[in-house]
Structures are given as C-alpha cells and as structure tokens.
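The chain below stands alone, shown as structure tokens; this is the form predicted alone.
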C-alpha cells in the first residue's frame, strides 16, 4: 500500500527510546517509507486505530503497555489484525522470539538492528521488492 499522495508504505514505529525511533525513521525514510512514531503501546494502538499503517515496528519493553500486549490487542481488532508487525528487542533468546511470534509478530529483530536488515524486513512485509528502487 502507499499513501494517497503517492508516498511509500506507512510504518508506525513504537518504541520508548527516542534514539531507536530516530534511527528507524532515518533508515526507513531513506528507503521511501513514510514513518510515524509512538512512545508506548497505548499511543501506538491509538495511532494505528486512527490511521492504520502498512507495517508496525514495536519494541518489547515499554512503560504503560509493552509490545507483547500491544500486538495481542492489535491482532484482536478486525481493522488491524492483518497489519504486519516486526518486534524489535534487546532480548536474544529463542524463547523471546517465540513469545513475540505467539503475540502476533511476523518478524523478530534483535537490537541494534543493522539498517539493511530493517529495510529488508520492512520491504518483505509490505510487499515491496528487495534491492534498489527499480528492482523487479
């Protein structure tokens, strides 16, 4: 999907760390994505319900509402349940990845993500081709 103005897919980045949000915004916007931000799961749900994104990138550990809870709520909402989600966390155990997938994540990335890994996952989950802008 693209924005009504012909812009790229809309990504909602939900993370309590301003540096992570800024990094994600810089990397994704450089690849043509339109990025919105939220500082916790509650704000993330509010933003997603107001304007459903094409992709959600959500941190695990946040105040007010953690990423697991946010994804479980998102998956119960008929208008948002099919929005692809990447969970991003400093937790690197297999059980953390499994818990993220059970909560509704489609992809799991351990922080700090390499820019190319973040872009590749975002492209795959939004149906954009891998590689450069003109890639088949």
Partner chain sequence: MGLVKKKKAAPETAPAPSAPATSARAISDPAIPDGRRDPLTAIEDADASVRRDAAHGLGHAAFPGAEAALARRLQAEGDAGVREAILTALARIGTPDAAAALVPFLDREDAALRNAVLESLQQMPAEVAAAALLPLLDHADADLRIFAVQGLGGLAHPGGADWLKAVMERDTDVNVCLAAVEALAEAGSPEAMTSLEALARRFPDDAFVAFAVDAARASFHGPASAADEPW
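Remember, predicted model here, so these are calculated numbers, not experimental data. Positions refer to the first chain, counted from 1.
Not pictured, yet referred to below: the form predicted together with the partner chain.
*Asks:* Only one of 54, 36, 43, 91 comes within 4.5 Å of the partner chain in the predicted bound form by heavy atoms, so just point that one out.
*Replies:* Checking each option against the partner chain in the predicted bound form, the one that comes within 4.5 Å is 91.
*Asks:* Applying a 4.5 Å heavy atom distance criterion, does residue 18 contact the partner chain in the predicted bound form?
*Replies:* Taking the distances in the predicted bound form, the answer for residue 18 is yes, it comes within 4.5 Å of the partner chain.
*Asks:* Can you check whether residue 105 is within 4.5 Å of the partner chain in the predicted bound form, heavy atom basis?
*Replies:* Heavy-atom contact with the partner chain at 4.5 Å: absent for residue 105.
*Asks:* Even though the partner isn't displayed, in the predicted bound form is residue 117 close enough to the partner chain, meaning a heavy atom within 4.5 Å?
*Replies:* It does not: once the partner chain is placed as it appears in the predicted bound form, residue 117 has no heavy atom within 4.5 Å of it.
*Asks:* Spell out, yes or no, whether the shortest heavy atom distance between residue 64 and the partner chain in the predicted bound form is within 4.5 Å.
*Replies:* Answer yes; at least one heavy atom of residue 64 falls within 4.5 Å of the partner chain in the predicted bound form.
*Asks:* For the stretch 102-126, I need every residue with any heavy atom inside 4.5 Å of the partner chain in the predicted bound form, listed N to C.
*Replies:* 111, 112, 113, 115 sit within 4.5 Å of the partner.
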